[in-house]
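Just one chain follows, in the form predicted alone, and it is written as structure tokens.
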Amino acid sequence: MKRAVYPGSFDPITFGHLDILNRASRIFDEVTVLIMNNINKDYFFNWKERLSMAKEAIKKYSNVKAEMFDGLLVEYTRKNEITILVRGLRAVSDFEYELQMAHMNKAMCPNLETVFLMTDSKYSFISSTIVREVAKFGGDVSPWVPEYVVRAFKKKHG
């Protein structure tokens, strides 16, 4: 059984994330969307809100689950006997950071393989950061995120 983990902060989950998830779900027998905390980020949505959005996103998949984890990703993969890490790439600018992380993870966990999937070009400019900024100033984010994310923004902004 090929089990993979798709980690990220998903603050919020976007159509770009869902594109990667959709393809990963067809490649691997089981995929875990892993909501993580990054000590270098300030989050708009809290951990439970991000998990709730991820659970909404995965409803249509029989082989995908969503979980939270706070710690080193390699510890999660060891504990859960997962050997494949899925990461999405939008542009060349993402690659340098992702390559660094892949090498670091491999150094800490030699049996962990990182698989990079390129997002569909129509999503290549979307990032959670840009979506949050547009939402903060009252812009319409519905072209880039599912309706449940739009509702979550409206709930937060009042």
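One rule holds for the numbers: they count along the sequence shown, beginning at 1. This structure is a prediction, so every number in the text was calculated from the model and none was measured.
The same protein has a further form, the form predicted together with 4'-phosphopantetheine, not shown here; the description that follows concerns it.
Trainee: Does 4'-phosphopantetheine, in the predicted complex, lie within 4.5 angstroms of each residue among K2, Y61 and N80, using heavy atoms as the measure?
Mentor: Heavy-atom distance to 4'-phosphopantetheine in the predicted complex: none of the three under 4.5 Å.
Trainee: Just one stretch in 99-107, 117-125, 24-32, 53-61 has heavy atoms within 4.5 Å of 4'-phosphopantetheine in the predicted complex, so which one is it?
Mentor: Going through the listed ranges, the match is 99-107.
Trainee: My question is simply whether N111 lines the interface with 4'-phosphopantetheine in the predicted complex - judged by any non-hydrogen atom within 4.5 Å.
Mentor: Because no heavy atom of N111 falls inside 4.5 Å of 4'-phosphopantetheine in the predicted complex, the answer is no.
Trainee: Does any heavy atom of K48 come within 4.5 Å of a heavy atom of 4'-phosphopantetheine in the predicted complex?
Mentor: Outside the cut-off, so no.
Trainee: Is I84 close enough to 4'-phosphopantetheine in the predicted complex to count, meaning some heavy atom within 4.5 Å?
Mentor: Result no; I84 lies far from 4'-phosphopantetheine in the predicted complex.
Trainee: Classify V131 as contacting or not contacting 4'-phosphopantetheine in the predicted complex by the rule of any non-hydrogen atom within 4.5 angstroms, answering yes or no.
Mentor: V131: no contact with 4'-phosphopantetheine in the predicted complex.
Trainee: Looking at 4'-phosphopantetheine in the predicted complex, which residues in 67-86 have at least one heavy atom within 4.5 Å of it?
Mentor: G71, L72, L73 sit within 4.5 Å of the partner.
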